[in-house]
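Presented as structure tokens, the chain that follows is alone, the form predicted on its own.
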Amino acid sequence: MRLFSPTIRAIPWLAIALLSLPVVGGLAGVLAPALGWLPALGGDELTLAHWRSLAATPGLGDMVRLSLTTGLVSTLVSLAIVMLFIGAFAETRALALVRRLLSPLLAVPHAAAAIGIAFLLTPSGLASRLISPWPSGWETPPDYLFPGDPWGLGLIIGLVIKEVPFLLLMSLAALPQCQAQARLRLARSLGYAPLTAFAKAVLPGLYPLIRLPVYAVIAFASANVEVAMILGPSTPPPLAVSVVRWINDPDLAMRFVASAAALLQLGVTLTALGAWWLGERLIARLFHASLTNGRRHAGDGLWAGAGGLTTLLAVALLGGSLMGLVLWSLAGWWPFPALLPSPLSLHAWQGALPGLLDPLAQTALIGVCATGLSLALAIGALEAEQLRGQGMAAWAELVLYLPLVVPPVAFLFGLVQLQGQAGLAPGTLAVMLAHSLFVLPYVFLSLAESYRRLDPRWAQVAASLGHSPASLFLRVRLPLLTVPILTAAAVGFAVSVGQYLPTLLMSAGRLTTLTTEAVSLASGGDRRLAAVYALMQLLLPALGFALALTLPRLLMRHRSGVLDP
């Protein structure tokens, strides 16, 4: 127990090392091949020839445009939906209901949601069947391109569906920090309408607290691979998808071009972040006067309706996509415009089962290990805050978001290069550590609010009874935080299950998980098999959340009041 405090104080530095060194090392690892230096592949002199080859690639401008526009537009739409919803429904039952649904919504893997959206909105999808043959009059599937439209609208829809729950979670966690309730009540007492009160009194204090999560969303959306492969255009695709294709090209010389393109992707993401930052300044300047003009109403009814409608639409799209997955996995024969398949069959499940077991086991093993490591580091870092008596420094918070803000395709490819030069074999350990890079920030963010807001009087009472810091941690704090810890673990496990690019790159394509298989099948012609794998992707996170709900009641059944301190 003497080592408890020194060990806990060292854990934040371990977390910082885990989050920062791979990103910095990966970026350094991709820089040299981009400039022609990779002796293992015959590159022994610095040159810009690979940048010239990249610049001559047909459609490069469209790739960059797609990455920029889909990243910025999806983030703007998601943020607008979240702010309108919170402003319109703050302190209502609707907000409390959505708060309870957030974790399960956040747990839906990106690939599964994208496959479900594709099945829902494709010309022969569930949405077309709902209005066919009446009232649309369609006896055959309508003629429009989805997914894969050249403007990236399908990709934007898929990104918005997954970004809204994340931004909502971050916003709800930040509301207490900006004293939103007190600001809102003061504004309402002065006669401001609900949404106007939120926009003028709460939003200026809330946005700075969620700026980093918004930047993380921009980085993810502008460099996403799995959602873009399923819902995005293919000729040309967004830049990040092209980078992955060049990495996997049988011609090893394409690795140089892929390195240059990975750095270009980093530049595209930084450009998107810069454009957003300039937009923030412009909006602040344009709307500064409106904050103090004294207007109590600013179209509240219209904006509240828009907030409720868009949130309902997002939830309906996600629910409809999941329904489409279930129906396709059970479809025996499903001609258009029949609303339901007939007959229903388990044939797809029976056919997929033998091939499912190995990806299922790999996914579960990697998810459990990555979540366990991330949970230990997150709890240790938060306990260190309690020992120090002060919160996280601003620079440490930046490091926490580093793997989320830097495009994964940029630094993961560099890590692969370093891995090869160091002679380290790709495999489960490398994939597990790579997953931890992305799991740790989500676990920390999910747990931090509950950990920091635990009533300090529990610790004071335990200390007055002679408990040491280690005893206080093990016998008081951990039992009281059982539910938040298990919920954070469930979120982390779901994030690991949904990881595509780290699995593909760090295993050199030799490791198959449910996500890699689902993304591969989504581009094939067998919708039934793709639906089965997508549903299995959902099943594992759902099992994690079920355990997070039931285990505390079993473990604490003899400790009255512990689950509701």
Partner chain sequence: MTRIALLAHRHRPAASSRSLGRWRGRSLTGLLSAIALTITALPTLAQDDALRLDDWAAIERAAKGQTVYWNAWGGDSRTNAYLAWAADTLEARHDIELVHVKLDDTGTAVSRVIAEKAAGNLDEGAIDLIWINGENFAAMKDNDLLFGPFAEALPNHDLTRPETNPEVRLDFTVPTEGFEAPWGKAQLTFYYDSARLETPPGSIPALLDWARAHPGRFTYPLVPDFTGSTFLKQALIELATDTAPLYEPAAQSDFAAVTAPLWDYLDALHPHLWRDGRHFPASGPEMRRLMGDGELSLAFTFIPSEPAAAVADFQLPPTTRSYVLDGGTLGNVHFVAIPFNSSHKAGALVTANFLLSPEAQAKKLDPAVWGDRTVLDMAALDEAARATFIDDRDNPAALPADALSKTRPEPHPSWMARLEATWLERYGSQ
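Residue numbers count along the first chain shown, from 1. Worth saying up front: this structure is predicted, and the values here are computed from it rather than measured. By rigid core we mean the largest C-alpha set that fits within 1.5 Å across both forms.
Not pictured, yet referred to below: the form predicted together with the partner chain.
Stretch-level contact check against the partner chain in the predicted bound form with heavy atoms at 4.5 Å: of 36-44, 22-30, 66-74, 534-542, the positive one is 36-44.
Within 4.5 Å of any heavy atom of the partner chain in the predicted bound form lies no heavy atom of residue 453. For the chain shown alone, residue 347 is a contact residue for the partner chain in the predicted bound form, at least one non-hydrogen atom being within 4.5 angstroms. Not displayed here, the partner chain is approached by residue 332 to within 4.5 Å at the level of heavy atoms in the predicted bound form. Interface membership of residue 124, defined by any non-hydrogen atom within 4.5 Å of the partner chain in the predicted bound form, is confirmed. Contact with the partner chain in the predicted bound form, defined as a heavy atom within 4.5 Å, holds for exactly one of 133, 299, 204, 142, namely 142.
Just one of 216, 257, 263, 400 comes within 4.5 Å of the partner chain in the predicted bound form, counting any heavy atom, and that one is 257. Contacts to the partner chain in the predicted bound form (heavy atom within 4.5 Å) from stretch 417-449: 417, 419, 420, 421, 426.
For residue 69, the Cα coordinates differ by under 2 angstroms between this form and the one not shown after the core has been superposed.
Comparing the forms between this form and the one not shown on their rigid core, the Cα displacement of residue 170 stays under 2 Å. Relative to the superposed core, residue 336 shifts its CA atom by 2 Å or more between this form and the one not shown.
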